[in-house]
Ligand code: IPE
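What follows is a single chain, given as structure tokens, in the form predicted on its own.
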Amino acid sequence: MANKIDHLAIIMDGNGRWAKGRGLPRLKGHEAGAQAARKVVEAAKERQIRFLTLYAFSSENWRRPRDEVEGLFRLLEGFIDREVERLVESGIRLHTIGDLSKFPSSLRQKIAMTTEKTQANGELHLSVALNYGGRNEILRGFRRAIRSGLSAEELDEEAFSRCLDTSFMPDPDLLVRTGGERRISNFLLWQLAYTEIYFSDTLWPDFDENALDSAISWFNTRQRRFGMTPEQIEGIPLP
């Protein structure tokens, strides 16, 4: 029986190397990566994946050259301008996770406008991680828990999960990282406890529907145990 993917998370890596390999500026790689993201969003929806989380801008990305960072902001604003109506019509709801306070006000306004316009949608929940870091999210989650008045005895895993940016979504079933690297780069540290992780050598701009299907096929070979023995898994009745 195939494993069901309710939540797919992706670390979109390799834009810069894709551009360098073609003698192009790094920003051209990010532009090609944005087009790959558009295709994968549509493919995820067609495959009835309800939650898709894309790692777009990490809290460490501020260390990149200023012109690249500013170019990424312009690219994101342009992407929102072009895609907002399609998101509305396609039943896709936009969410963001991370700390947006450092972003330009014009970008924050466009993100807020898009999240508002798509809030009635529910066919696919698209979450974009912006100025996101897993350690930072955990710290912010603890601060939320303290501010909410939770006592030490009340703060269990379930209560803490409700204090995180991802409180509205299930933990990822599958994490895909493109670009050949074998690390999770401070992404969803709390949520990935039992996630299957698939590493692809494909650079993100070249990652398409076929590459996604390869990841899904690999996922379907996995026996998800969640800490149980194979014998316990076999004893669980099928839904």
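Note that the structure is predicted; figures quoted are calculated from it, not measured. From 1 onward, residues are counted along the sequence shown.
What follows is about the form predicted together with this ligand, which we do not show.
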Practice task
Just give me the single entry in 214, 202, 195, 61 that has a non-hydrogen atom within 4.5 angstroms of this ligand in the predicted bound form.
Solution key: 61
Exercise for the section: Determine which one of 112-120, 160-168, 97-105, 68-76 lies within 4.5 Å of this ligand in the predicted bound form, judging by heavy atom distances; exactly one does. Expected result: 68-76
Problem - Non-hydrogen atom within 4.5 Å of this ligand in the predicted bound form for each of 7, 173 and 219 - result: no
Handout entry: residue 26: touches this ligand in the predicted bound form, heavy atom cutoff 4.5 angstroms
Key = yes
Practice task
Give a yes/no on whether residue 188 approaches this ligand to within 4.5 Å in the predicted bound form, heavy atoms considered.
Solution key: no
Exercise for the section: Using the partner position in the predicted bound form, report whether residue 47 sits within 4.5 Å of this ligand, counting heavy atoms only. Expected result: no
Exercise for the section: Flag residue 56 as yes or no: does it have a non-hydrogen atom within 4.5 angstroms of any non-hydrogen atom of this ligand in the predicted bound form? Expected result: yes
Fill in the blank from the handout: Residues in 11-36 that come within 4.5 Å of this ligand in the predicted bound form by at least one heavy atom, in order, are 11, 12, 13, 14, 15, 16, 17, 26, 30
